[in-house]
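Below sits a lone chain in structure tokens, taken as the form predicted alone.
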């Protein structure tokens, strides 16, 4: 009895294969699904009453995603070898190859998104019909989580499109909409829902005994293979230069994609698939893929879905937002809110004629007042008098220089007070830090989550403290750069070290031009400058974690990557510590402390973790 796949053979010998993985909202590759797919493919291959097949999805959400990353994220921690890691997907890859070589025509009727392994299944079919809907996309996004396609994507896509067209898709991992997918040749037809299955079925009936094009004698890759491909220098040479520029050699996946395509396209497809498998195993067994999967997908997904929002409280989207302030931060907040359709009232509190009465009707107030606590308190009082009773109003402070506890002490309704910290005033940050103090109510926190969701930002929640969490990390990072500059380290060396480490933002905003260092100063190594920036920031993250400012390791890492711009390949500050190992991190901290100062000494708690091996993250 089938559980995840249904097969129905009609009177003309066409098998309709419907994918419907039990217990999942979307189809994903699981070991059970793969075993069942192998049984189905055996039937298509061997049953004389089956002349061809149409593969579609039984789920309205879409065709199919790839593997469940929860099955992969612990491979590095388990200590699997690259060969064993590659073996985790070997059965699925072999099944797709068997489907491709079954000797009968197979069409994919793609009734929604087909991504990763889901699109690799489509590529193993001989014909692809795509539903013409705005939300329908196809693509191979594995590189974004530190992997490469392991179901033949790096070999079939270049053989289908040519190297020059395939590589940009593989290296970016971007999702491709219907019209572009048709234009590029990723799919063969773009049709309405009513025509999806009939179009696929007509093609199958018209192509008995079909053989995949790259399995035919004399097949050549469009434009050539490897170094002989047209635009080979641009595809591989320039491609490698771009990868090194963009990743600073910190992310191995793009290089592995390039190598897999370069080497694999020079060989018959089965040998190319073996090369792809070997590179995949190396990536999956390494720490960078673990870090990217964990932070960029496994943790960011629940955060976007507001997993830490207090339960049992109704959603309460902001209808009318009041913004107080006269600087770029206030402007940024107002623009963000207006762009998502929130009615915004902005008050320039520096204007002596400001009319606070316009705040009436606001159900959420954000103050971006950057002056002292006394002025902030007096302005708030004027606003409250104008608004009237605050029973249904949330008051959010966007500035975290003073603690919320100090602010709440002067506030008649402290349970309605919360911090909303936007780390980059220019509005580039994808993350918003929600700061709660001891008496912030669940209702206030829930409504703040709802507001961040309206802004389409990623929320984390932390506890009150000077600078909260992101402020403290940012200060540690910037101050370490400034300390080095004061020591006589060349600003260019500091900035380049940060860039090469993978930091999105550089520590010296106003670095001087030229070499201002006295000739007598001996410059530190590039490695030491990198480590001082990485370790100083990670140590501050540990201090915040131990002080209870941030209580969830996922929030610590998300905040570091998405707000501060801590190197993405590390997975965040706490993931970085686990990447170099707790003992290795502590040992390097001691070395840095001996050379550069006591601020690098690890805490007692971190030393104990290193001794006991107690990681920040338990196995998922």
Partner chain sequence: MNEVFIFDHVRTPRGKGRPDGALHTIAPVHLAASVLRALKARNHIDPEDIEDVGLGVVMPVGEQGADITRFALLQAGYGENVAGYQLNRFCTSGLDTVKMGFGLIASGQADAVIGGGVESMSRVPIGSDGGATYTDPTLGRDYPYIPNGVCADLMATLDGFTREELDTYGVESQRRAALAQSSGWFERSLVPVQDAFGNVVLSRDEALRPGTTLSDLAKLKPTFASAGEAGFDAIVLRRYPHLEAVQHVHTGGTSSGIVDGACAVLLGSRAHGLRRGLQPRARIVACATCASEPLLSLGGPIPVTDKVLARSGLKIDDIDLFEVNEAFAVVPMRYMQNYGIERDRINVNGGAIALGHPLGATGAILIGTALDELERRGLSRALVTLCAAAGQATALIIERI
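Note that the structure is predicted; figures quoted are calculated from it, not measured. Residue numbers count along the first chain shown, from 1.
In what follows, reference is made to the form predicted together with the partner chain, a form of this protein that is not presented.
Contact annotation: of the candidates 271, 207, 360, 242, the single residue with a non-hydrogen atom within 4.5 angstroms of the partner chain in the predicted bound form is 242. In summary, among the residues 329, 259, 387, 288, the only one with a non-hydrogen atom within 4.5 Å of the partner chain in the predicted bound form is 259. Against the partner chain in the predicted bound form, the set 6, 36 and 184 makes no contact: no member has a heavy atom within 4.5 Å. Interface membership of residue 354, defined by any non-hydrogen atom within 4.5 Å of the partner chain in the predicted bound form, is ruled out.
Contact annotation: residue 526 falls within 4.5 Å of the partner chain in the predicted bound form, judged by heavy atom distances. Within 4.5 Å of any heavy atom of the partner chain in the predicted bound form lies no heavy atom of residue 406. Using a 4.5 angstroms threshold between heavy atoms, residue 249 counts as touching the partner chain in the predicted bound form. Stretch-level contact check against the partner chain in the predicted bound form with heavy atoms at 4.5 Å: of 320-328, 494-502, 535-543, 434-442, the positive one is 494-502.
Heavy atoms closer than or equal to 4.5 Å to the partner chain in the predicted bound form belong, across 262-284, to the residues 262, 263, 279, ordered by sequence position.
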